[in-house]
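Below: one protein chain in two forms, given as structure tokens, structure 1 then structure 2.
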Structure 1
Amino acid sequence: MAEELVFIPGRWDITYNYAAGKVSSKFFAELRDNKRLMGIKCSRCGRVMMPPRGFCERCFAPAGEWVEVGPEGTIQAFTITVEKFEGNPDPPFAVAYVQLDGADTAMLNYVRGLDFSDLNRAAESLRVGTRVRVVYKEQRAGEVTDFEYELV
């Protein structure tokens, strides 16, 4: 006889402040104050990481010099969300991992300006390899959502 699995409902609603650290703080300040997306180059292998981090996860060397990336890039992966998730825009919406020009890694963000009346057509417009450009919001707060991607 199979044992019954018991499920106990729960909810966490925690307000907190995340310490972004030195590298991310510079990234967010450049985004907010100068409308610039800055990657950071590995001091050993030369990879330009986006978003920037303090060390290269490939060779574990410390990060080196700052490099401006974009403003255009190529979609590496995407998804269209049709269900409501707390903290996200009302569906449908799309997000894409984009390798910005000059970067060796991809960064996730929303894609704006899509027609979702036909989800298959919207997905086709986001296929891997599609070119996009960064569009900055007029009012920026130093957050990753201070910009979005749009099709070129």
Structure 2
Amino acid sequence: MAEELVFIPGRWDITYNYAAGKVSSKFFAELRDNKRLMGIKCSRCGRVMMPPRGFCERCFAPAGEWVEVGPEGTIQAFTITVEKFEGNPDPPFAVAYVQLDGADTAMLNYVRGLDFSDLNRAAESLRVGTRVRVVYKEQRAGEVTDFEYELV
């Protein structure tokens, strides 16, 4: 006779309240209130970082002035998620790292308005090097999903 093996279900249920800090908070406020995307320049190497951070990891120097970037940019990497993963939006959905004009690094967001009926064709339209533009949502909450990309 087979031995009975017991399983005990478990779950972590912990609420966090992550502080965005001054730099990210300014980015989110500009996005929500002024529909502007602001990058930040490293005080040493001068590269414009998107998303903005208080310092440059490479130079290990504080960030300096704010620079408005966009509203268009170039896809550097993308994927279309087809599988349903726990906690994810329902697939299919496309996300891309876009280097916005005036920035030196690429920022992640959804690419909207794609037809996923032919997956390969949708992927082809997102090819690295493709130009996209920023679209702001009507209702903005001061978070990264207040904007998304669409093909130019």
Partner chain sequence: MTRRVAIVGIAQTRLETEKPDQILDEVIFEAASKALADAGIGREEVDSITIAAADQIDGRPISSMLEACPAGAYLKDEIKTTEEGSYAAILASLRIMSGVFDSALVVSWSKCSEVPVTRVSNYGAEPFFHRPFGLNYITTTGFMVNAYRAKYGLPEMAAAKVVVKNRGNALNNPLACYQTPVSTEEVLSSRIVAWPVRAMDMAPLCDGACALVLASEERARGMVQPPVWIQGMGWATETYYLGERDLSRLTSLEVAARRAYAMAGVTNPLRELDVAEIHDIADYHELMAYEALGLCPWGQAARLMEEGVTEMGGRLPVNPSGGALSGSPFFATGLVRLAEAALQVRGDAGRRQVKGAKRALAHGSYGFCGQGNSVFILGE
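For the two forms, the rigid core is made up of the largest set of C-alpha atoms that agree within 1.5 Å on superposition. Structure 1's sequence is the ruler for residue numbers, which start at 1. Model, not experiment: these values are computed from the prediction.
Item to check | Displayed copy of the chain that is the form predicted on its own | outcome: Form predicted on its own: structure 1.
Checklist entry - If you line up the core, does Glu86 shift 2 angstroms or more at its C-alpha between structure 1 and structure 2? => result Comparing the forms between structure 1 and structure 2, which are aligned on their rigid core, Glu86 does shift its C-alpha by 2 Å or more.
Checklist entry - Does Pro9 count as moved between structure 1 and structure 2, where moved means a C-alpha shift of 2 angstroms or more after fitting the rigid core? => result Indeed, Pro9 is displaced by 2 Å or more.
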